[in-house]
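As a starting point, one isolated chain is supplied in structure tokens, in the form predicted alone.
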């Protein structure tokens, strides 16, 4: 396709390209997107096959029993890493839509496509509840925010993650409804027109429908943000803080949520880069979008350190015995090991703070790096790696503590190597992310037609220097 070949890489200076015409939008985002070529078919087969490993790994972990929660340590690492990595990405669309940022419009649908992962989060959360230690019948008692309520934490947590998933799917459908109607009106084959007519539900684009559409996006988006914060709070307290005797930390849930937003934005930038280079969507993911999100990435990187430091400084200066044991568990490792670099806990922490804060901050603080396409993408990859180290240090260590009750951690547990089923679950769960999104992109355009058209109506392209400049008008 000529237009895609021209726009896939833009130009070497990152200057904005001429905007697409309505005909090119239909060709790029409806007709071309629905063609399942050999490359797309191969990717779906590969990722779909690997995705089955997640079910195999979860099934074998269940078969090993649920009496000893320590064998579930790497299942928890994998689950909370993927959840943190993907659940916060839709906020890039929700928050910037509320802020009326015009530059984000071509990218909002990509962020919302990660909402399709909600059911996957629910399905693989159920085995984790089975492997978690009970909060009643233990001696000493298991300290949780649910006290001795027998339905906690499984009932409130499953309600939260399910509500988050349902809200996300509703938000995705509400956002995609005008585009589904466009597929109904412009698709080439009769089968596509038939199913699109059913799911579009009579959308004709009247003023009343657009007003209701805008209200639905606002209400569902605000509710998703609230559920995102509540779910992170519940997960971090029930499956991290309560697993360690003597760990009392009101700041950790906020750190858990912010670090998830940071690594999610890193993945989002990498996804934009891949779609630009591989899928020929450079006309929609331009320098303006990378530059805008890189500034948000810098802010979240600073927030990462702020929330971590705010929690760490209390333990560091408190110096109570149970606080020193928490520092040893999550940061410095067992003091009985004289060599600091021989402590697995310290190596995990070094990887987390180095790849989540130090390296990203020292790189993305420079404006030439932020004002580029490759720079934020590389920083995004680094932050994803840092997020993996961070979730590894949190959940592999907390779930290794055998005695979850009591008032103080008596000793730092030894490091355990993951087995083959842990590796299978990790590979499978990660593969499920691109598989489900690519599968959904066969139905829902991965770039929003209605928001892109709305943006085109509000901008004029003028020659400027070596390329073109977009002059944008803002009605509100």
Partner chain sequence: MARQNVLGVYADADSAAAGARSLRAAGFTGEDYEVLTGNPYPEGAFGDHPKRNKLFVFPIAGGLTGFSLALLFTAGTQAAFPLVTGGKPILAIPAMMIIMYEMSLLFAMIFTVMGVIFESRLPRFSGAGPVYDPRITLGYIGLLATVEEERIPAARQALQDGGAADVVGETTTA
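Everything numeric here is computed off the predicted structure, so don't read it as measured data. Positions refer to the first chain, counted from 1.
FYI, the form predicted together with its partner chain isn't displayed, but the following is about it.
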Practice item. Run the contact test on 163, 166 and 203 with a 4.5 Å heavy atom cut-off to its partner chain in the predicted complex and return yes or no. Key: yes
Revision key, fill the gap. The one option of 375, 280, 119, 156 with any heavy atom within 4.5 Å of its partner chain in the predicted complex is 156
Check your understanding: Tell me which of 77 to 85, 272 to 280, 215 to 223, 382 to 390 has residues with heavy atoms within 4.5 angstroms of its partner chain in the predicted complex?
Key -> 215 to 223
Point to revise | Close approach of residue 209 to its partner chain in the predicted complex, 4.5 Å, heavy atom | key: yes
Check your understanding: Is there a heavy atom of residue 195 no more than 4.5 Å from a heavy atom of its partner chain in the predicted complex?
Key -> no
Check your understanding: Would residue 148 count as a contact of its partner chain in the predicted complex, using a 4.5 angstroms cut-off between non-hydrogen atoms?
Key -> yes
Review point. According to a 4.5 angstroms non-hydrogen atom cut-off, is residue 435 in contact with its partner chain in the predicted complex?
Key: no
Study note, to complete from the structure: Within 441 to 456, the residues having any heavy atom within 4.5 Å of its partner chain in the predicted complex are 449, 450, 453, 454
